[in-house]
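One chain comes next, on its own, written out as structure tokens in the form predicted on its own.
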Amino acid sequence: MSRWKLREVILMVVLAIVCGGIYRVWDVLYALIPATAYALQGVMTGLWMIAGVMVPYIVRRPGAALIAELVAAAVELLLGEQWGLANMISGLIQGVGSEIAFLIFAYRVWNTGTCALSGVLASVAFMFQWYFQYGGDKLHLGTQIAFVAISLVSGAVLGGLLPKALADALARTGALRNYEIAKRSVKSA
């Protein structure tokens, strides 16, 4: 795999900044959910994973998921989100979780299944933070199981399939013709 090109770095940062803005809007909506509506909270978690799937799916470079999630988390933090520096921890662990899916396939398989797996693994990584830092350990076992299950589905759909669909739609416009997503055939799972 060749070295990063400047245009890939620029696109990664631009997309991560956009995702950080989306995350901040999502923060506002999330704050409207009652503190005890764990199922609805779980449904919403997947959207915070989009940078870690969309950016590597487009540029197809090792490290893209991690860097994109960290940049998006930093932008979200700078825009005034409610979790403070814990948000950077979220960006780090979600980025690592997302990156693992692409690493498993040696950065050679870019399809629906890999993107869904990336969203799921980012959610799995977040579950540790949710359990230990955000109070998941204090909930009833049934609530924990429901939250985890719903969050994993959300990670697959909102965190994996949605960013893939968005990237594919963007690629169809021709805007990504100089990026790996357009240069290699995208196999569907």
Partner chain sequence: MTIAAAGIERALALEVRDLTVTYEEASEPALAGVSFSLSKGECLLLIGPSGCGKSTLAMAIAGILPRSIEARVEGEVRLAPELAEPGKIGYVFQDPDLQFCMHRVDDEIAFGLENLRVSRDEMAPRMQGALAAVGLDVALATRHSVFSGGMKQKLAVASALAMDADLVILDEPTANLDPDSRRHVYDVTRRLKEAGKTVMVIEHRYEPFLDVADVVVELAPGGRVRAMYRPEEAPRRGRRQRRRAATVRADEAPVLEARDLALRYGERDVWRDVHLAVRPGEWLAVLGPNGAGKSSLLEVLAGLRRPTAGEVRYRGELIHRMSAKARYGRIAYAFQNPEYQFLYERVADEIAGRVLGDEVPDEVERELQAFGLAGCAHQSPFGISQGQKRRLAMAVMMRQGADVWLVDEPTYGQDEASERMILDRLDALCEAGKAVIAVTHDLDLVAAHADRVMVLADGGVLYDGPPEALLRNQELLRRAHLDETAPVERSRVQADGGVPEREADDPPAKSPSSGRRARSPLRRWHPDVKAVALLCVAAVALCARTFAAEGWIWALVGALAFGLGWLSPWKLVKRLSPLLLIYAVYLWAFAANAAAPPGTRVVHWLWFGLSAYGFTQGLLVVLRTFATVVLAYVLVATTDGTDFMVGLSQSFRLPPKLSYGAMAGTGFLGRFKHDLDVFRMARRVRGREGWWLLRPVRYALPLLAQSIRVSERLAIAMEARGFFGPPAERWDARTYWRHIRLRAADVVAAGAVVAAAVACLWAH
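Positions refer to the first chain, counted from 1. What you see is a predicted model; the values in this text were computed from it and never measured.
Form predicted in complex with its partner chain: not shown, discussed below.
Proximity of Met127 to its partner chain in the predicted bound form falls outside the 4.5 Å heavy atom cutoff. In the predicted bound form, its partner chain lies within 4.5 Å of some heavy atom of Met88.
Using a 4.5 angstroms threshold between heavy atoms, Leu139 counts as touching its partner chain in the predicted bound form. Within 4.5 Å of some heavy atom of its partner chain in the predicted bound form lies at least one heavy atom of Leu77. Interface residues of 18 to 51, taken as those with a heavy atom within 4.5 Å of its partner chain in the predicted bound form (partner not displayed): Val18, Gly21, Ile22, Val25, Trp26, Leu29, Tyr30, Ala31, Ala35, Thr36, Tyr38, in sequence order.
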